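We begin with a single chain expressed as structure tokens, specifically the form predicted on its own.
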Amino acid sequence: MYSYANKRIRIREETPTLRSHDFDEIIHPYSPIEAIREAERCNQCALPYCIEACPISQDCRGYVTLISQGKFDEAAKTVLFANPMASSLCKACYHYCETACIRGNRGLPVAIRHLKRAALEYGDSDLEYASAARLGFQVAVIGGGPAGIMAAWELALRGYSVTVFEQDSQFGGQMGAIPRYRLDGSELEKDMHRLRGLDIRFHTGRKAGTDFTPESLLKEGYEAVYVAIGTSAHRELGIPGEEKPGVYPALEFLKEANRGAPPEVGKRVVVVGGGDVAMDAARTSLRLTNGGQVVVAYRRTREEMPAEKEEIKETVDEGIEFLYLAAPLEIRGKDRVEGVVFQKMKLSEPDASGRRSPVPIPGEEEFVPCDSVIAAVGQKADMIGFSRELGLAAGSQGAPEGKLPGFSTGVEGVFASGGKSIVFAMAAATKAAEAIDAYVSRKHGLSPHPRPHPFGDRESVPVPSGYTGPSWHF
């Protein structure tokens, strides 16, 4: 028997039958009363496991406590202390904090991400960040995704003048591919609006390696350059027929759909891949087929799929089919896609690490007819135009990073990092910004500048009691 405290307040969402036909938001927010009741479930642990599990060390326990007291304004401000992208993250974060919540040991964890949303929606979240005294030093940031925005925030708070260069026409990086049923498009605008009081200039349509290089920015007078280009280039399937009309890279497909100009996918779509992007592509495709058929093909089984369990469940609930242990061999068709030939696979015996690899079953193939194919087999960094001297290499989380201390590269004054998710990219950016500040300060005979109070208050930023450091590692 669960006690009242172990019964999570139900999170309302649209039924699969209704939601799979449009891009309206699926998850509905708590009411203020529901949010207070859910916040009351928090144990207020002396050792804040939730905070230590958060890559940006956000004071989850603090804002949950304030919500339980009905103090939504104070809760909103607490959320924004360490999180300039809170409006986006309250809907799109993987909520590592909830994984660490001890309530999950005997029931469901506290709905921390949904409480963050309640804090921002019912509290005063239209706040303006304030910088410390201007230092007179300029820093360039290459990339306008979560890492780039976080680094710009960190540096501008300290008094730096920051210029952000983004190759796309819009900011947000891969957040621009998150479907509208999860992010309706207004969230990033709210986040960016809070930066209005900081010395940050944003430039779109400027691509590193084509319009400039990190080295050229240093020559222009920037004290340092932070490379935060993420993994914006798609990985190809590497099979015959991939060049045919009707084959789309998943990230481009999702971004075009969000901008209201999706490609024609027909009535039958095959999505190749097993990650979160593949789930997003499949669910978006379903909405565009107007009652058609969508199949997700993955070379391993459901147990090995890298997508979040929550994402997989929602995809299954919407009626999307899954073809497991299937690897694409060839895309067939005359003028455009007509179908995909898959090689049937089986899992090998576990290796020394316990991992079972997919191996082909000789002579067993399957043809799946379709009108479109969406390739969602991963992303990589677009490092065309970056010099070898930088020594950029894919880090443990996929994004290119500097391999020297503080994410510094082989070119003095250039730093690079990123992360596997929005909040991990932000965490990497914080470390890089601290290293950039230390580097520039040292050049000018100054001491590093700790992050000041983000709203210009005189009191220092509160440190959660019991917090000893992050429980995760890059």
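A residue's number is simply how far along the shown sequence it sits, counting from 1. The structure displayed is predicted, hence computed values, not measured ones.
Just so you know, the form predicted together with a small molecule exists too; it's not on screen, but the next bit is about it.
The closest heavy atom approach of Ala92 to the small molecule in the predicted complex falls within 4.5 Å. In the predicted complex, none of the heavy atoms of Pro48 sits within 4.5 Å of a heavy atom of the small molecule. Using a 4.5 Å cutoff between non-hydrogen atoms, His449 does not count as a contact of the small molecule in the predicted complex. Contact check for Ser232: a non-hydrogen atom falls within 4.5 Å of the small molecule in the predicted complex. With the partner left out here, the small molecule still marks one of 68 to 76, 250 to 258, 362 to 370, 193 to 201 in the predicted complex; by a 4.5 Å heavy atom cut-off that stretch is 250 to 258.
Shown here without its partner, the chain carries Ala156, Arg158 and Gly402, none of which come within 4.5 Å of the small molecule in the predicted complex through any heavy atom. Site annotation in the predicted complex: the residue of Pro328, Gly273, Pro84, Gly173 reaching within 4.5 Å of the small molecule with a heavy atom is Gly173. Checking Ser125, Thr301, Gln293, Gln379 against the small molecule in the predicted complex, a heavy atom within 4.5 Å turns up for just one residue: Gln379.
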